[in-house]
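Before any questions on how it binds or moves, here is one chain, the form predicted on its own, in structure tokens.
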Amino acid sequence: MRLSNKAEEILEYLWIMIREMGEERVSLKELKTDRDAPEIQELMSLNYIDVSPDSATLREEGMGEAESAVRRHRLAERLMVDVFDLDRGLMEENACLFEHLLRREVEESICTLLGHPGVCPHNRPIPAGRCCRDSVKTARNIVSSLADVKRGVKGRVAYLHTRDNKKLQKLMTMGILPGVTIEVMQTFPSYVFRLGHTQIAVDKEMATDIFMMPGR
């Protein structure tokens, strides 16, 4: 059963305060709710939380769902910054909206797309999902920075990520655009790749800004 947005936000906040901040309980005032609020009644009916007259805490039954809510929020933040290139103010607002749209299948695809990031833009840990654990054994990322792939890898450029407009213009002038096929020829001391009939060399900093989909 899908939780309401408010119930997910309560779980998320409780998990952060209890698991990361070391609190045992959180006041209902801090949660900006009260015992009779629909979101509190919803979570109590599922045995996800325990509520006293003025505070709440997570029950063991609610830990997994709460951790998943935190994971979705932090992945949404990474998506807003890494792919959509939003600034911090817009990132937070949009991540709060987007996290409630993420379901497990999409969440895992986005996590894979982002390369199973370990931390959010605030440098807080992103709880690992099943896709992260599986990736350690078998899977490769859908999108990787050019600086992270090995010599001989072919693929299409997925996107360019840089806040430096001059650098972005330089990359585009060289013909490095989303959708073009490149093949990595060398990774040290500089990164050399083939684009059509041309070989292009870039330094590591610039290679880090080029994201490609290997094998595509």
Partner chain sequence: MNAKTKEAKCNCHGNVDEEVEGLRKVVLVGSPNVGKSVIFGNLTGKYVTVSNYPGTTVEVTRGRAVIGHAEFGVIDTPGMYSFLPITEEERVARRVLMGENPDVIVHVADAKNIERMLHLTLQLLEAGLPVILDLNLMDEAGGLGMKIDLDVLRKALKIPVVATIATEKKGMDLLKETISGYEKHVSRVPLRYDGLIESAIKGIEEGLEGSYGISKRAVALLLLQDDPEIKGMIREREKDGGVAVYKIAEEAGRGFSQPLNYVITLARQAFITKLVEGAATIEISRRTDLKERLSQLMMHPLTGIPFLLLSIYALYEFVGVFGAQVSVDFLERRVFGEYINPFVTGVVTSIIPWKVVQDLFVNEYGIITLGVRYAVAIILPVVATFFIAFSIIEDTGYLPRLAMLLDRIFKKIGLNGRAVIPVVLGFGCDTMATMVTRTLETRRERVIATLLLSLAIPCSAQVGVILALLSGNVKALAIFIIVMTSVFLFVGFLSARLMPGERPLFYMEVPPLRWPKLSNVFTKTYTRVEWYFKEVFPLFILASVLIWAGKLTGLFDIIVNVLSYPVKWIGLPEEAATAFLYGFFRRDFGAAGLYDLKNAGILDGIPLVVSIITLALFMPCIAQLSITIKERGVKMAVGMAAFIFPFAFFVGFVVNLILNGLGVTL
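Positions refer to the first chain, counted from 1. Everything quoted here is computed from the prediction, not taken from an experiment. Take the two forms, find the largest set of C-alpha atoms that superpose within 1.5 Å, and that set is the rigid core.
This next part talks about the form predicted in complex with its partner chain, which is not shown.
Relative to its partner chain in the model of the complex, residues V26, L43 and P53 are all farther than 4.5 Å at every heavy atom.
Its partner chain in the model of the complex is approached by H122, whose closest heavy atom lies within 4.5 angstroms of it. Although the partner is absent here, P178 sits close enough that one of its heavy atoms falls within 4.5 Å of its partner chain in the model of the complex.
A residue is said to contact a partner when one of its heavy atoms sits within 4.5 Å of a partner heavy atom; Q186 meets this definition for its partner chain in the model of the complex. For the chain shown alone, N47 is not a contact residue for its partner chain in the model of the complex, no non-hydrogen atom being within 4.5 angstroms. For its partner chain in the model of the complex, the listed stretch (68-76, 107-115, 94-102, 122-130) containing residues with heavy atoms inside 4.5 Å is 122-130.
Taking its partner chain as positioned in the model of the complex, the residues of 184-201 that bring a heavy atom within 4.5 Å of it are, in sequence order, M185, Q186, F188, P189, S190, V192, R194, L195, G196, H197, T198, Q199, I200, A201. Here E8 does not count as shifted, since its C-alpha moves by less than 2 Å between the shown form and the other one after the core is aligned.
Put the two forms on the same core and the Cα of L171 is off by 2 Å or more between the shown form and the other one. With the core superposed, M17 shows a C-alpha displacement below 2 Å between the shown form and the other one. Relative to this conformation, a decrease of 3 Å or more in the Cα-Cα distance between H116 and E205 is found in the model of the complex.
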